[in-house]
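Only one chain is shown below, in structure tokens, and it's the form predicted on its own.
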């Protein structure tokens, strides 16, 4: 098994991983990302994300998709792991652990204070896997999200306030 940084030519495979993950997470129709989105946001002069690809005998088997964030309380950067996924036929071979370890190593090398991610509450195998790796559930925190029209309305309120000033 090998783990490498994704390159622009990997974009179709990255999208395939994303779609496979969405299917596993019971939301196969939720993916609207395109190859163009992934290409422009991950491989331009200021990429918004990084991606690792795990391979076995030259065949992609898993990926880890992440980006840097920042903790104001700690005063140091961190890594947010957006997605980690191993194709079902390759599970149980240590690929997920190796991907998670590589992202953790990047966090340590970059002086990050933490590595964090979300997991669906019904995904018991993943929760057990992450717990075995030393991760802790943060029960007191709840994820919040604003998307689509609600995001546009919220931004519109800010734009209106700036215009009025």
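The structure displayed is predicted, hence computed values, not measured ones. Positions refer to the first chain, counted from 1.
There is another form of the same protein, the form predicted in complex with a further copy of the same chain; it is not shown, and what comes next is about it.
With a 4.5 Å heavy atom cut-off, would you call residue 77 a contact of a further copy of the same chain in the model of the complex? Heavy-atom contact with a further copy of the same chain at 4.5 Å: present for residue 77.
Q.
Even though the partner isn't displayed, in the model of the complex is residue 151 close enough to a further copy of the same chain, meaning a heavy atom within 4.5 Å?
A. Residue-level check for residue 151: yes, a contact with a further copy of the same chain.
query: Any of the heavy atoms of residue 54 lying within 4.5 Å of a further copy of the same chain in the model of the complex?
result: Although a further copy of the same chain is absent here, residue 54 would stay clear of it in the model of the complex, with no heavy atoms inside 4.5 Å.
**Request:** Check whether residue 18 has any heavy atom within 4.5 Å of a heavy atom of a further copy of the same chain in the model of the complex, and answer yes or no.
**Result:** Yes, residue 18 sits close enough to a further copy of the same chain in the model of the complex that at least one of its heavy atoms falls within 4.5 Å.
Quick one: name the residues from 63 to 85 with any non-hydrogen atom within 4.5 angstroms of a further copy of the same chain in the model of the complex.
Contacts from 63 to 85: 65, 67, 68, 69, 70, 71, 72, 73, 74, 75, 76, 77, 80, 82, 83.
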